[in-house]
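This document starts with one chain, in the form predicted on its own, laid out as C-alpha cells.
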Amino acid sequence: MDKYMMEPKTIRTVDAEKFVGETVKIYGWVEDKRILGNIMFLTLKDGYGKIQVTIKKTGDASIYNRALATQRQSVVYVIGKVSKYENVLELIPEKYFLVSQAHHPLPIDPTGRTPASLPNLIEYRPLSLRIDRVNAVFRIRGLVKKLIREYFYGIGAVEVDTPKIIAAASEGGAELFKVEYFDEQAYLAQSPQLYKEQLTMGLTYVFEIAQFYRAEKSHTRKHLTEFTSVDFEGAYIDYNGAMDVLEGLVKHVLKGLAEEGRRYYEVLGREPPKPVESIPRIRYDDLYEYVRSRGKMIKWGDDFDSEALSIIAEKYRGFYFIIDWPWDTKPFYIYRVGDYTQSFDLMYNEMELASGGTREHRYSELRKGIIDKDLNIKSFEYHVRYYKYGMPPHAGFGLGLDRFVQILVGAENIREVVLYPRDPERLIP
C-alpha cells in the first residue's frame, strides 16, 4: 500500500478554519463532478462530511486527466492544500490517487436524487449508506445504542451476554427456529428472559443488547424474524421500579438525541424527538372499559388487537404504560396477584415497544405457573432449580430496539432502520 495512505484525515476534521494553508491527506468517494471552463470541481465525501476539490486544467495535467477519468462514486485519496474561496473551503490537490473505480450504471443512485425503493435500498445496503438520509438513520441508531449503554452503566448495571443457541423455549407461545446441535435438537433464542433472571442472583442489575429470533410468518411494517432487544433485569425491585428504570432510559435517550444527534435530524428534515416529563401508567381495566365504550367489543383478559390499540392511541399519544394485565395475557414467569399480574407494556401511540414486570421468585409458585400455562415442567427444570437457592425478588423488561429507533426517526417501515433485515422472504443479503 502506498505510504500516502497512512493516517488520512476525515473531511469533517479538515473542514475547519485552522487547516487553511495546511497540506493534508484525505480520502473519500467522488459524489459529484462539474467542469466549468478550465476548472473541474469534485465533491468528495467520506461519511463524515464533504469538501470541494478544485482542479485546474492549466495545472498538473496528470491530476486533471486522472480526475476526468474517475467515475462518480469511485474512491480516491488526495493530498493537497486547504484553501478558502468566498467563504468556501476547498482542497487544491498536489497528488491524486484512484483507489477503487466505480462501475456504472449503479443499481441505485447514491446521491439520493433519484429515489430507490426500500427493497432496492436493502438489496444494495452498503451503497445505500452513501445516501445522506439513509446514513443519518443508522448514525442515529448507533447513537441510541451508545446512549442506552451510557444510561445502564450509569445506574450500575452489568452488561452480560446470554446464549443464543438454547435447549428449550424461554417462554411459551412464540415459534422457534430449530437448529441441529451435533446430535441434539436446539433452538435459536427468542429472548434472554430466563438467563437474565438467573443472573440477578449475584450481579443484581444486568442488561444486554443483542439479536434474538422468532419464527413467526409476520408480514407487517413492525415485525422481523431477527430483531435486536434491549433487556434489563434488576434484583430487589418490583414492576414499578422496572418502569422507573425504563422511563429513565427513554428520557436519557431523548435528551441525548437532542444534544448529540441534531445534525442527523437536520439531514432527515425533522426535529429531534421532544423530551418527556413523565410517562403515564394506565391500568388494563381502565383501557378495557374505554375501548368498550367506543363500541369495540372485546372479552376481558384478551390482548388489545390493532383496532383496540388504534382507539386507545386516539386518547393517549406518545409514550404511555399499560399496567396490571390479566394473568391469561402474560407468560408463566410474571408475578401473579389473583387474576392480575404485576406487569406492563410500554406503548408509543398504537405500537408496543417494551414488555416487563415483576418476576415470580418463589420456587413453588414458579412451578405452578409453568403447569398452569400447560407447559412441560421438565423443559424448565434447569431454570427452576436456581429458585431453591435464594433467588431475590426481581423485575425487568425487554425493549425492541428496532421499533424504538423506528419511532425516533419517524420511519414507516421497521426495515428502514435495520441494516440487513430478516423476514419470512428475506435471507440475503
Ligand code: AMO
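Treat the numbers as computed from the prediction; the structure is a model and nothing was measured. Residue positions are given as counts along the sequence shown, with the first one as 1.
Just so it is clear, the following notes concern the form predicted together with the ligand, a form of the same protein that is not shown.
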Check your understanding: Any of the heavy atoms of residue 139 lying within 4.5 Å of the ligand in the predicted bound form?
Key -> no
Exercise for review: Give a yes/no on whether residue 355 approaches the ligand to within 4.5 Å in the predicted bound form, heavy atoms considered.
Suggested key: yes
Review point. Taking 4.5 angstroms as the cut-off for heavy atoms, does residue 223 touch the ligand in the predicted bound form?
Key: yes
Check your understanding: Taking the shortest heavy atom distance, is residue 333 within 4.5 Å of the ligand in the predicted bound form?
Key -> yes
Review point. 198, 367 and 373: each with a heavy atom within 4.5 Å of the ligand in the predicted bound form?
Key: no
Revision key, fill the gap. Only one of 49-57, 23-31, 395-403, 381-389 has residues with a heavy atom within 4.5 Å of the ligand in the predicted bound form, and that stretch is 395-403
Practice item. Would you mind picking the one in 125, 214, 281, 133 that has a heavy atom within 4.5 Å of the ligand in the predicted bound form? Key: 214
Check your understanding: Among 193, 162, 342, 73, which has any heavy atom within 4.5 Å of the ligand in the predicted bound form?
Key -> 193
Exercise for review: Could you run down 296-317 and flag each residue that has a heavy atom within 4.5 Å of the ligand in the predicted bound form?
Suggested key: none
